[in-house]
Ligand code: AMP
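Single chain ahead, by itself, as structure tokens, in the form predicted on its own.
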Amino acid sequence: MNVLLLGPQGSGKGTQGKRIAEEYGLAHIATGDMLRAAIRAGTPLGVRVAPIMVAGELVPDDLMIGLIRERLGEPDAQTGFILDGFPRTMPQAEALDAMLREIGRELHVVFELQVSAEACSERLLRRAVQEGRTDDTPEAIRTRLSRYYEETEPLIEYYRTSTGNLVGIHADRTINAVFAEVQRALEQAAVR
């Protein structure tokens, strides 16, 4: 099963992605985590993207597409994956579709985690303190949320019409309540 998680930063994509991965044995592909690991390791990619991420901007499409293509080729992603944090723009969504066609795979379900901007901002500020996330400054959070609504939110309609497998999840509830709804949707998708 191949799953895509859409939603603003702070909507719970990482939390739900990890739970889905554990429960269903899927590879959790969290692009933000991959980029932060590259920054910590001081890799050429990390050095290149660090100032972009600190500013709350999006990493260029060509870098992201290459990163995802490489990750989908790893053994643990062969039985299924969860994409968390990619795509974020229409060109990325189109490139992802083309890439999946090339490798003979498809998205089985696209979840839209629905949470207000205010709740997302509060969650991100709390996460910044708890996890020591230097990229979660109030200014960077405002920039990322603004970019989400401008560039990523249109993907919801794109996936609703192009795949017909978009599922809205009310994510402004407890983690367990959200996960229960995700599980019901995954069980229905598996039956199709």
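Just so you know, these numbers come straight off a predicted model, no measurement behind them. Quick note: we count residues from 1 along the sequence shown, nothing fancier.
Only in words, not in the display: the form predicted together with the ligand, which the text now covers.
Colleague: So in the predicted complex, are Gln16, Leu26 and Ala77 all sitting within 4.5 Å of the ligand, heavy atoms only?
Modeller: No, none of Gln16, Leu26 and Ala77 comes within 4.5 Å of the ligand in the predicted complex.
Colleague: Answer with yes or no whether Ser121 is in contact with the ligand in the predicted complex, where contact means some heavy atom within 4.5 Å.
Modeller: Output for Ser121 is no: heavy atoms all beyond 4.5 Å of the ligand.
Colleague: Does Phe81 reach the ligand in the predicted complex if we count a contact as any heavy atom within 4.5 Å?
Modeller: It does not: once the ligand is placed as it appears in the predicted complex, Phe81 has no heavy atom within 4.5 Å of it.
Colleague: Please tell me whether any heavy atom belonging to Leu166 falls inside 4.5 Å of a heavy atom of the ligand, as the geometry stands in the predicted complex.
Modeller: Although the ligand is absent here, Leu166 would stay clear of it in the predicted complex, with no heavy atoms inside 4.5 Å.
Colleague: Closest heavy atom of Glu57 to the ligand in the predicted complex, within 4.5 Å or not?
Modeller: Although the ligand is absent here, Glu57 would touch it in the predicted complex, with heavy atoms inside 4.5 Å.
Colleague: Choose one stretch from 96 to 104, 83 to 91, 113 to 121, 69 to 77: the one whose residues place a heavy atom within 4.5 angstroms of the ligand in the predicted complex.
Modeller: Only one stretch qualifies here: 83 to 91.
Colleague: Name the single residue among Arg48, Arg36, Arg142, Arg160 that comes within 4.5 Å of the ligand in the predicted complex, judging by heavy atoms.
Modeller: Here the answer is residue option Arg36.
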